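Okay, so here's just one chain, in structure tokens, the form predicted alone.
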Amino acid sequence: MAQASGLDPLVDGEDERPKWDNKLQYLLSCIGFAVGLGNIWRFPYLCQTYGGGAFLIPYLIALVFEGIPLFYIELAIGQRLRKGSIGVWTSISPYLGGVGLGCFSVSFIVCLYYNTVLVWVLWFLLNSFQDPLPWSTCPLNLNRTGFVQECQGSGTVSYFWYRQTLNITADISNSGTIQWQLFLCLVACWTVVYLCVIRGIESTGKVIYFTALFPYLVLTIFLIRGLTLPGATEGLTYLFTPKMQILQNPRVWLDAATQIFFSLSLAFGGHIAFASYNPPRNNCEKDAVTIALVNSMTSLYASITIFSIMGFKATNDYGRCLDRNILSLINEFDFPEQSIPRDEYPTVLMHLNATQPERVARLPLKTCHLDDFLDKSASGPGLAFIVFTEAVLHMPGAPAWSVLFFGMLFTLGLSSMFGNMEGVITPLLDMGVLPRGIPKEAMTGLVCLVCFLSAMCFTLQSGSYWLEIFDNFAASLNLIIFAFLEVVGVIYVYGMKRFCDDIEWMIGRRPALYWRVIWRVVSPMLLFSILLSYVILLAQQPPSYEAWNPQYEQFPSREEKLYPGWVQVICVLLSFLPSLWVPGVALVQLLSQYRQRWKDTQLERSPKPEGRC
């Protein structure tokens, strides 16, 4: 690929470029970037929603035909050209420079809101060093005569999340004020990120040993504890019981493909940056397969851990539901205390319904089915900050488990931030934005400061609504477009033969027929299908959000609202602005070449001065 930039393909790249201390450091950095919060709070949700074990079928197909091949391309071009995303795509073709700028833009935007999630995690982590945990009970009302009504209506954990953490407004149009506890956590998070990435891979390479490995230790501890809790078996059975008929739903295949895509952090530019610090003759093919498989196995491992705990929570909630109904029967019919065991409740209720149906009908009995409680799943922040947090409350030694859980989430998010920041900082360093006299630390500090100032909007009371908008619209569509252009750019613009020549030079052998067929035919078609399906899905669904409104009739259910017109405009801009770099740069390049040709033509036509005798 060095040919594209006019270099001898047999010459090793820049000697001055930083290098990884060892191979393990590089692998852990890539794994830390790929394995993020989505492995913990999205993959288990998709597995449960789409038929348990049946979901693994489209997931593995997407991994083999989309995830690993595209990942291989990113590692190969980064390693061979030894540049960030902007430099790589400008080298391949000046007309594709917009792909690099688009990846850079998306990485910058993702840095803003991804680190805000770490702000929330840090806030919960700091509050976990208390016994009892602050979300275990409702606070007293102003008169101190009872508990706050909003907390009683929603539950202690939901109240702590929505009111005491976010202090959320009931409408996105009402921005509210900055929440100073979140602002201080934002300062702390960006300070931690800056200290970790201050010298690029020289500093992140040291921290990554802890941030990449600690989550596996915590997951293992939670798994061992979870499997010993009552209800773990029911949770795992519910998770992995295959429902093959669900595969007839096209949405399953789309979600499987997009989950692989985002889980591997493809098209961000971070993996290209990481690979650019590798030795030119490193075996990038082996790395791509290894990292992708570790990422997928981590998702599966996390699902087992999460649902062993969720099974315990569901069993606990199911038991409390039965206990409330039993207490109602005992009080109504004057039965002796503890005279109705949980196992005999259905029989007793059936008998009373047959003999005294009118008295039973007057009782506020709830329908209690274990599957209903197992169905109460969530993804994203809802799983981390509400569902799983509530499950931890029921575990003995809850504060210790809460510290472990949020500590794990913080290190997971931090290692992913390293990759996102590399996707921003490496292209800037390669382009020489700042003069050579200014150290890298200053550039890194400037980037972190700009990100911090830009992310302050997420500490407003409406901040979580805006974070959801950025997450749904800023990255998803743009990344799919950039991934499609990556495959087309390398295979059809740069050329399959030259790409295979470079891989042969790097790893000592040409890519197998499998890779060549996938790159040339399957991956472009699959990515184009995903892109088309995603656009159709967005067009069919009016942009809406779920507001937390204590005045809502069905509270604590969230009220679904359509975005105001001005917010919808912002959604559209976020969806397409990064992608506009591609035609914009291509047009500028075309006009530049046309202007140069016009100048050359004018010079040829201008009369030459006659020589003197």
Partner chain sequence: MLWPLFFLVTAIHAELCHPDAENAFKVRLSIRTALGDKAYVWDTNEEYLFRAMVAFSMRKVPSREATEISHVLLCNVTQRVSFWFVVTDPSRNHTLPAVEVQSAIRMNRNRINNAFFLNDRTLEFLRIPSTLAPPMDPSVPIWIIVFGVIFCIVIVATALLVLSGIRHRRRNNKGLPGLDDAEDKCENTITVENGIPCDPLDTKGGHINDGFLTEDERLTPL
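Just so we're on the same page, rigid core means the largest C-alpha set that superposes within 1.5 Å between forms. Numbering follows the first chain given and starts at 1. What you are looking at is a predicted structure, and each value in this text was computed from that prediction instead of being measured.
Omitted from view is the form predicted in complex with the partner chain, to which the following refers.
- With a 4.5 Å cutoff on heavy atoms, Phe335 counts as touching the partner chain in the predicted complex.
- Not displayed here, the partner chain is approached by Arg144 to within 4.5 Å at the level of heavy atoms in the predicted complex.
- The partner chain in the predicted complex is approached by Val192, whose closest heavy atom lies within 4.5 angstroms of it.
- Although the partner is absent here, Gln130 is a contact residue: one of its heavy atoms lies within 4.5 angstroms of the partner chain in the predicted complex.
- Residue-level contacts in the predicted complex: of Val450, Met525, Leu126, Met496, one residue has a heavy atom within 4.5 Å of the partner chain, and it is Leu126.
- This chain is drawn without the partner chain; in the predicted complex, the residue among Val187, Leu213, Leu363, Met443 with a heavy atom within 4.5 Å of it is Val187.
- Residue heavy atoms within 4.5 Å of the partner chain in the predicted complex occur in exactly one stretch of 455-463, 304-312, 197-205, 263-271, and that stretch is 197-205.
- With the core held fixed, the Cα of Arg359 is displaced between the shown form and the other one by 2 Å or more.
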